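One chain comes next, on its own, written as structure tokens: the form predicted on its own.
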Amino acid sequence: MSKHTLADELESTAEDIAEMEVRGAATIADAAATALREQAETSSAGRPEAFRREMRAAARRLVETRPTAVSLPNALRYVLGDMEGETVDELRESAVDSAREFCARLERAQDDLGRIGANRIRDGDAVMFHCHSTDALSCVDHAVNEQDKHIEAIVKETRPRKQGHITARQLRDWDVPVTLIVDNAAHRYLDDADHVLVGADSIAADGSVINKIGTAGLAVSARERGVPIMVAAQTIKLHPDTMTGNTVEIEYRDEAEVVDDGTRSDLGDPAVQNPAFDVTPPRHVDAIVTERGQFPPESIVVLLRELFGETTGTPWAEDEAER
């Protein structure tokens, strides 16, 4: 039980992120920054240090919900890192302004990324998608609706949660012809694809892409077939901790997503693993497209240093008095 009073809106946001009611890295980041703003606006802390501790506790509550999606802690870094002032009112105003600025930049970033990524897609291309990524879809949005290109889509359903269905619905809303396939058919249908387009939940300093489970296998098959792989990812997906040797924690989700209790019992109660993500090595990726331009994966570390410096901290960490 937290000894800090957390806003109802923040608790609700944390639960929605954990249960994947809020999904997609950019959406998660926006929700997290907004929740911190609501925490600041409703805080009844009377002293500056009490306000700071409350905001750190709120950030910790959010950051524990999705350990792999680095956009979430990057949003918290932005809001808390820019929070300054000598009084509670000054700190509150600073946090609220930072959160609003972050959300505004986030909205512009996806639009800028989409315009850049659209230039890599040619008129008449068939594009294969894995999972659901608003960054990846922004590239298609600009290619189809701004550049008037004809695109066809091959969409993997992406088990066990079938996020590919969300992608398919959005593409059909743009009148993009969609072929929905089971995950195991990807290798077969790569012969019909001109590009593979995926998003990312995190990108490490060496250019490794952490994305929905199944991305790595698709990338290996695509490389073998000579189909280029584009990763669409805003810079909030870059993982600054990996510059100092830390690895990205891979989230494991509820086993019930894979098999229900009755079926599991019929199978003799086997062990079940449900990793949400895997790691695609940079050698299987052709380009990482961000709002700052497109990059070969090996040069991502340069962009990380430009954005975060050589190291980065965790401004939500407890101080001695909080332990």
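Everything numeric here is computed off the predicted structure, so don't read it as measured data. We number the residues from 1 along the sequence you see.
There is another form of the same protein, the form predicted together with a small molecule; it is not shown, and what comes next is about it.
Per the 4.5 Å heavy atom criterion, the small molecule in the model of the complex is contacted by stretch 195 to 203, the sole one of 195 to 203, 176 to 184, 221 to 229, 149 to 157.
The candidate spot formed by 20, 66 and 277 is fully in contact with the small molecule in the model of the complex: every one of the three has a heavy atom within 4.5 Å. Interface residue remark: residue 212 is counted as part of the site for the small molecule in the model of the complex, having a heavy atom within 4.5 Å. In the model of the complex, at least one heavy atom of residue 131 sits within 4.5 Å of the small molecule. By the criterion of a heavy atom within 4.5 Å, residue 74 is excluded from the residues contacting the small molecule in the model of the complex. Residue 98 falls outside the set of residues with a heavy atom inside 4.5 Å of the small molecule in the model of the complex.
Between the options 55, 289, 26, 33, the residue in contact with the small molecule in the model of the complex by a heavy atom within 4.5 angstroms is 26.
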